[in-house]
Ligand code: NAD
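Next up: a single chain in structure tokens, the form predicted alone.
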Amino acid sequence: MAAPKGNLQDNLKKLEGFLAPLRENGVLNHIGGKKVPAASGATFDNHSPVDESLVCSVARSSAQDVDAAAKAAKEAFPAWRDMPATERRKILHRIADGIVERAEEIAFLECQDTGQALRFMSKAALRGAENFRFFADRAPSARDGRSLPSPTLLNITTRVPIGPVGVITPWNTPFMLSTWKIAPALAAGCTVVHKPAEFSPVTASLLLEIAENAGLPAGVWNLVNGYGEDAGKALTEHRDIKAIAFVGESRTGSMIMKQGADTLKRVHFELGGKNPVIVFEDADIDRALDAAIFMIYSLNGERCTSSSRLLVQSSIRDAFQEKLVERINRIKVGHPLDPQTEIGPLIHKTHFDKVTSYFDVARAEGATIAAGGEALDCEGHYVKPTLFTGARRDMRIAQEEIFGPVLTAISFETEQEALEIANGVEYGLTGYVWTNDLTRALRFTDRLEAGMIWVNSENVRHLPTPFGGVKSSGIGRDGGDWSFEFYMEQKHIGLATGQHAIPRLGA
């Protein structure tokens, strides 16, 4: 991926212009078409992982704010549900246009808020616009059903939007992931209450501003900022919220399911992963190397689909790992707005401490730190891209989701051993298989426990395909028609085609 044009100093000047209104006004809630502070007046400070500088203050919502947002979404729902889908489509396309117009602002703020490198965030806004356009064009057919005739009835199905929904998004690539959840909800005819992650709240407010400037009616989309234990819990327990779409840790997903149980809340979870990339000796080694490096070290390794376990056949292990170490040591760590940067700082001190703690875990378990394994001595939460070699399948570094630029390498002898190692974790989000043996690829992917698998490829997203995991990696699927299956209810209507015999009781 080519670096963006420009230089760090020019980008820092641009950033100051984008940050000025945030520093003056802070990030507010957005309820019923109005920007409002938390009802209590409470705020929390949002600091940049780049250097711990203050980005802005953020409204800290309570159950009172969530209740107001849920009521606004409930009130706006009938009109939005009944609006002709072709009109909803126009609005969603205008939202996409607004995103494109402010793409640079979104990218720069995302870099400062999350620590992600500009070379990746420069495309994030455009991917968000693509999400809105994709689901906008599907809105007119969202209610389409099937005709299922029987001997006595014409059975037809249709779908209707489920109602107001809650969307809780994570701190990694928050802008793009917000659009991935919210665009299909709006296209289906649902109204939304969105709670972004407290570590990266900035672009959610910008996105909602773009939406209402594009003509989205007040109350259709509402924003509440705050912490999971306050705003998040209130949202998952609120009776007027019919479903929760959540992206984040598996443990948090379990908590949300419990909190929504009393109101029989429908849930959609995209959770953690410990995804394997399996390299067989007959693979195209150079391409496999490029893909393995990209899928763990891009986006700071803070991505659910990262290939955090490298399973390499023992016959090519030494040669592959030698090339791998050489490449890892050349990865550029730096300021996220430097166009040359490939890895920026980790999102927060709490997460930085978690990731770096695994360096000691690896040493204690007897693995070798072949590259990295230390923090950089500078401001901000920077770590060197890291490779653990000589790992065993039962080590913590091979079982637990680290969620940083850290790769654990494990060797295998046979196809069966590779499969056992790949499946031997609690997660099952993605898998990456590298082989030129077609029959092996078919056998292996059939038995690999993962919701998404790529053969001889990195993760290449195609919007009509299902996105999601198995085991502790999630419940449900996003993408294409699968998104509508979550945000809509199926309805069956049976029409009698004649005067069939009806049993007569008590006649």
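A residue's number is simply how far along the shown sequence it sits, counting from 1. Keep in mind the model is a prediction, meaning the values are calculated, not measured.
Form predicted together with the ligand: not shown, discussed below.
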Only one of 412 to 420, 124 to 132, 370 to 378, 162 to 170 has residues with a heavy atom within 4.5 Å of the ligand in the predicted complex, and that stretch is 162 to 170
Contact check for 290, 431 and 456 against the ligand in the predicted complex, heavy atom at 4.5 Å = no
* Looking in the predicted complex, any heavy atom of residue 255 within 4.5 Å of the ligand? -> yes
| query | With the cut-off set at 4.5 Å between non-hydrogen atoms, does residue 401 touch the ligand in the predicted complex? | reply | yes
**Asked** Is there a non-hydrogen atom of residue 444 within 4.5 angstroms of a non-hydrogen atom of the ligand in the predicted complex?
**Response** no
Q. In the predicted complex, does residue 189 have a heavy atom within 4.5 Å of the ligand?
A. no
Picking from 233, 393, 348, 384, the single residue whose non-hydrogen atoms come within 4.5 angstroms of the ligand in the predicted complex is 233
Of 241, 271, 182, 76, the only residue with a heavy atom within 4.5 Å of the ligand in the predicted complex is 271
Within 190 to 219, the residues having any heavy atom within 4.5 Å of the ligand in the predicted complex are 195, 196, 197, 198
